[in-house]
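Two forms, one protein chain; structure tokens for each follow separately as structure 1 and structure 2.
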Structure 1
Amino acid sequence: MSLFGVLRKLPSFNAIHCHINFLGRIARQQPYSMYQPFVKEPTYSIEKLDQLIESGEAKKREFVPVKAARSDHNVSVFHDELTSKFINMVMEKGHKEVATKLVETAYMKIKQMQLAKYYKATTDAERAEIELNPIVIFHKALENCKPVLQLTPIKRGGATYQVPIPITENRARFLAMKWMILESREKERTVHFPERLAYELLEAFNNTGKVVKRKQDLHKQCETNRAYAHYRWG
């Protein structure tokens, strides 16, 4: 059954749709957001929608206004939220197609490199150890690159100190992605971004490489500056 079939069963979803724009755009209270705080993010995964309908949650959400669907959001079997976010960060000047192509080429190269190892391996045990799924590698690589603390400049008595403070999940994910992209952009003329990105992701997956080193350097800096940690509260 299609997504539309699901939505048609709950007529109130359709009724709300025409009111969303009107409700959402009065008096912006949050900076940058076109929507008022009570407007919810859309659920577009068919699995999650099924769960909501089964558990009865859907009934409660019938009259809650929902943000407009983004063009990234789709029910494709290849859709991955983290990859979407990453592609957006790779993108420059709005060239989404170029960014998608770069990241997808990197995924293909990861598969090629891992398959080369896989077909060279002689025992089943060796083969079982090799991870072939590029999205699994991407997720694990990002996890390995996420810092746990970050440094912030705080002024005390005329001097500016780099003080270690806790980091939010979003900020950690952002830093991991940003470092990954910056590292992949540094290159020789002949090695292009997708190939570089593939190498960096594979190294980060194995907890080695430049991006993981950058995270570890940050952690070391935080450790050396732990004396200033109390400056966070003045």
Structure 2
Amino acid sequence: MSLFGVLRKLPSFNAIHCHINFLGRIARQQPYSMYQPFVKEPTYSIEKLDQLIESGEAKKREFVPVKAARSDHNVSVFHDELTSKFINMVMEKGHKEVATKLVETAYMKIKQMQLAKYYKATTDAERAEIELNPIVIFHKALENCKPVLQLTPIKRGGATYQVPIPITENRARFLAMKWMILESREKERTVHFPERLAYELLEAFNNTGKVVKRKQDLHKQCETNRAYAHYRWG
């Protein structure tokens, strides 16, 4: 057979490209895994475990194989998804164990300080107002630190204006965590990071402190530049 005949029998470039795309779609729909489809995901949350026991699902899954737990799975009483994200932001150079220990130590400090206030209270009404759960304090503190607006530079007519725009939920949470970590690291040598973080979280829980002031300053700047708000749609 001549060379021309061999080349005519080879598939075209378009056919090869379409075949590769088809295989890529199949791979995305059915990703490779070392586990069979019947292997269950691990349940490490204490609340979800209690729900499985109450519903009777735990009895059915006694002899069902379970996937290996990931390194970020944690059964600590101080663990939740938001705390895990905060630990990842505290972490430096991949030292996650150190970051986890720092955040948990800060939670323990918060618990100790709140218990001291609780036992010093003389009436039941005062004790009812004191929050003892560090996780609840952490969530409320971040909620008080989330900004509603942010400034973005927009160029119009050769000039750059700082235009206030609404901020997304993820960006607001990121800024609140970032400000909390920055303020906790600006400390004296005699004050360690967990202690400073505990103080900042308690102040933010009461809607006071440096992090809340940062949010208020940002809102004041947005209020000052409200005349440029129409540039957002330009």
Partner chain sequence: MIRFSPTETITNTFRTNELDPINHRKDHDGRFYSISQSVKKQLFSGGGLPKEYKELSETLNGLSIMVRKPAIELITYLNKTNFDAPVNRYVLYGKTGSGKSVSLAHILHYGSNAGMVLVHVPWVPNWVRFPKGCTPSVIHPNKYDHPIESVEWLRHFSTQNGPLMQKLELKTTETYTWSKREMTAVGSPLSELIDLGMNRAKHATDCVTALLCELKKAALSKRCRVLVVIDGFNSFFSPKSRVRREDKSIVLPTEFVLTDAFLSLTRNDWNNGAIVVSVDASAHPSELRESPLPRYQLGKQGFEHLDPFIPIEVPNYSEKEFHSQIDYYVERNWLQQPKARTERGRAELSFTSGNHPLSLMKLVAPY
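All residue numbers here refer to structure 1's sequence, counted from 1. Rigid core here is just the name for the largest C-alpha set that superposes within 1.5 Å across the two forms. Here the structure is a predicted model, which is why all the values come from computation and not from measurement.
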Any idea which of the pair is the form predicted on its own? 2
Looking at how the rigid parts shift between the two structures, which one of 77, 93, 158, 122 is at the hinge? 77
Superposing the larger rigid part on its C-alpha atoms, how much does the smaller part rotate between the two structures? Whole degrees, please. 55
How much does the C-alpha of residue 45 move between the two structures, in Å, given a rigid core overlay? 6.0
With both forms fitted on the core, how large is the C-alpha shift of residue 71 between the two structures in Å? 2.8
